[in-house]
Every structure is written in C-alpha cells, then in structure tokens.
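Listed next as structure tokens is one chain, alone, in the form predicted alone.
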C-alpha cells in the first residue's frame, strides 16, 4: 500500500536525562506503514539534541516560549507553515499545551490539525485539583494541597506525616523526609516552575504507569501499562516493562470513558500491597516512554496523527506483555556551523 505523504511538526526535542516525548513520538510516526512523514522539529533551545538528529528530523525551527503569548507563537507558526505546509502539529510539553489549545482554532484556519485535550479536561486534572478529580470520577487520589509560601511548610504537620511528596505544578517531584528537606525542594522547584508547590501524601507501593489515547468520545484507542524498573534522580523511568494488568487497564478505560478524554494521556499510579490503585498524577500528553507502546504493538503516535486528520481508526485490542525498554545516552557529533546557523537564522 502506498503511504500517504504528510508533514508533522513536533515539539519536545530535548532528548536528555529528563527527556521530552518528541523523539519517541517521531520514531513511532516514522515507523508507520500508513504515513510517509516529513518531520519538522519545533525547538525552544539551540541545544535540544533532536534538532541535530537529521535521520529523524528533516528541518528544525526556533519557536518562542509559551510565556511570550499565543499571538507571538501564531505569527511564528504562520511563517513556518508558509514554508513547510504542516498537516499535523503535536505539542509534547505540559507547560506549552495551554497556549496550543487556545491557538487550536487559529491553527485549524492555517490548515494545521491538532488533537489536544479540551481546556476543561486540561484544567480538571491539574495537580492542585487532582483530589477533586478523584471524587468526581470515583478514583482513589492521595491527599494533597498546594502551598504558596515558606510559612505554610511549617504548618504541614497538621495534615501530613513524613515522608511526603513535594511537586512542581508542571514537572519535578521529590520525596521529603523532613521540614528542612521540604523547604529545600520548595525553593528548588519554585525557582524553576513557579508557584504553587504541591504537597502530596506519600503512598507506599509500586509505581505503575499507563500511556493511553482517547478519541474524545469516551473510547480508548490504545493503552499500555508499564512498571518502572529503573528510576533517575528526577523520577524519570530509565527502563520499564509492560504489564499484564487487567485491573489497571480497566481503571484507565474508566477514566477515559467518564472524562471523554481527547488525545494522549499518561496516568501515574501507586499499586499498594492491598492491590489498590492510587492515582498520583495525570500528564495530558504522550510520555517520553511512549516508544515502549510502539514496541509492544500499539503505535499510539501514528494513531494520534490519524485522529488529528479525522481518519477512521480501530482501537487496539492487545499488546505484548513483558516487553522491556532500556534508555541510553550516546554522544551526537555535530558541526559548530549548524549550531551557528540555527542561532543566527532560527532554523536548520
């Protein structure tokens, strides 16, 4: 079958020790038997490794940070689109999604398709609102609360016992065993991601994650559960294995059905010794380990592109259990002239 030629723009090219999902999303799309994709990388920094992975990314452009506002972003994307004629755009960072969701109608007018959560879906799964999400959808969620000042750290003993989790509103999470540690993490995270900081009850058990894709009508197009085998100091999975866990899959499908989730999603859960699942976080996009799902037989990046283009799609019914992913690093050798060209012209 002749593959359909398309152009896909992707963010999240920072394939470092805290990797973005961009490169694994691109790998899934390039392995598609349906699409013959030209990949456009959208980067915020000149040293995002994906920019220089020319076997994966055909051309890269600088785009402004989300804090610059949707108008500035749209002007930049309009310029890029005039050159590249983008069919589908896949943003991969939590911090940028709000801007892209607000701009989705304008992108549509340019001929650029997206498949993103609604603003209401994005907001109700925020870390600060997760306990209310749990009550609404009848999911167990550990007790948590946002804090906005150092003073509140000394009042945590009223509601929490140590250890507890200290989380940023977008990224980063640390286990704290004392007030002093909590204060240290408070300043470390807030200096990077701002306020509030989320304090969450620590639940003893095994961390299990699910990557899934919802069609916006309550149907789960695909879902693959994983247990982390090795975790970095940033809490990121450096290896993991697919699980045969029907209860976890049922819970995932329940969340997608009741919320009518649209787009990629990652559910982070703790499975206790009593086999209870506690939902500790919802990431509103495909995660950096999504290539494990591709390797297990569910090409969710390809499916996401199909949904964005309005193509008919059948849900995946199975995946391979016991598939292991191992993340690794290697030295990518580039010429300084490429870096200079990107820095000077904002494209490569």
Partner chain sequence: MIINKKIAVSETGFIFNPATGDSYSMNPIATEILEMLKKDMSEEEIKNFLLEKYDVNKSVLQKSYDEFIDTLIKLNIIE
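Numbering follows the first chain given and starts at 1. What you are looking at is a predicted structure, and each value in this text was computed from that prediction instead of being measured.
The same protein has a further form, the form predicted together with the partner chain, not shown here; the description that follows concerns it.
Novice: In the model of the complex, which of 244 to 252, 176 to 184, 129 to 137, 158 to 166 comes within 4.5 Å of the partner chain (heavy atoms)?
Specialist: Selected range: 244 to 252.
Novice: Out of 229, 272, 149, 217, which one falls within 4.5 Å of the partner chain in the model of the complex, going by heavy atoms?
Specialist: Only one listed residue qualifies here, and that residue is 229.
Novice: Could you work out which of 310, 69, 322, 315 is the residue within 4.5 angstroms of the partner chain in the model of the complex, going by heavy atoms?
Specialist: The option sitting close enough to the partner is 322.
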